[in-house]
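Just one chain follows, in the form predicted alone, and it is written as structure tokens.
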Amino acid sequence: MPEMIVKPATLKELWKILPALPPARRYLAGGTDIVVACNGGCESSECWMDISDIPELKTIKETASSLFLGAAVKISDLERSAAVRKWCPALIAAIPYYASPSLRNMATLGGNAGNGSPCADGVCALVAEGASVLLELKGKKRRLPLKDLFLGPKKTALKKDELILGFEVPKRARLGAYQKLSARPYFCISKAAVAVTLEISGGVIKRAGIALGSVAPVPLYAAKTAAWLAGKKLSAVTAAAAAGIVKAEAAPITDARSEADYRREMCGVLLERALVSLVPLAGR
């Protein structure tokens, strides 16, 4: 465990005390990743900055054009939010696959993104939703497309001490689905995962968002497949064709969980299943 844990009450207090803290420091929100890493001997920070109760990070807010999801909102609270259920269909579809019920009462999207894991379920879904991430460092804010936050396994574009404030999801009517392959249907890290969002008019796809988990060094936005789907009528035939395209976008590795070729093939299978599941909803 770290030598010191501090818990600022506000962002203003955090930036005020930051210079006096040990240089080897990390943010702590739900702790579902960092505590496990510490217990496994993979975390050596001298100081943890507990941001779990900072009000600015615990809000879900709507504007005319977007929905803001605070970085420290618990996954279980997101699931219960009517606004999230309305505007984030892929995220809602992913939540049952997100760890276990007890962990969803602790885990946060900010931690899910800050950890930089290619298999992060919540991040994969938000990338498909077209989300942006809002960042702050000592009062200076910036915004990135969420897909651009990730540079490699456990590597992000976050600067030292830069904090994830939350995520902005555009408020556009869309359908969403999430498919995950793992050793068990729930509670396991994915071998491959696919998140899909579709904006549909008259049965025709106007805009698509597709993200892949566990099949690339980062949560991968499948831009070519998404672009190909635009203008197509949603059908089983379209789903099968898209499945062939998405396999070329995946860049999986072989590891203890699965083999690269299998993961690549399953990207196509999962995408086809996700798209077919949305066909009955396309005319509503």
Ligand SMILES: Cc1cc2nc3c(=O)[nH]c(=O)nc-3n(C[C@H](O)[C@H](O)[C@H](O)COP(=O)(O)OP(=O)(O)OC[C@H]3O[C@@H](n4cnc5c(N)ncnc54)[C@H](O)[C@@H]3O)c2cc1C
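Keep in mind that what you see is a predicted model, and the values were worked out from it rather than measured. From 1 onward, residues are counted along the sequence shown.
Just so you know, the form predicted together with this ligand exists too; it's not on screen, but the next bit is about it.
Note on the interface: of 76-84, 204-212, 162-170, 137-145, the segment with non-hydrogen atoms within 4.5 angstroms of this ligand in the predicted complex is 162-170.
With the partner omitted from this view, the residue of Ala250, Leu67, Ala239, Ile34 that lies near this ligand in the predicted complex is Ile34 [heavy atom within 4.5 Å]. Though this ligand is absent from this view, in the predicted complex it lies within 4.5 Å of a heavy atom of just one residue from Ala93, Leu181, Leu175, Ala99, which is Ala99. The closest heavy atom approach of Asp121 to this ligand in the predicted complex falls within 4.5 Å. Taking the partner from elsewhere, Cys188 is found to have a heavy atom lying within 4.5 Å of this ligand in the predicted complex. This ligand in the predicted complex is not approached by Ala226, whose heavy atoms all lie more than 4.5 angstroms from it. In the predicted complex, Ile51 approaches this ligand with a heavy atom inside 4.5 Å.
Annotation for 7-34: interface residues with this ligand in the predicted complex are Arg26, Tyr27, Leu28, Ala29, Gly30, Gly31, Thr32, Asp33, Ile34 [heavy atom within 4.5 Å].
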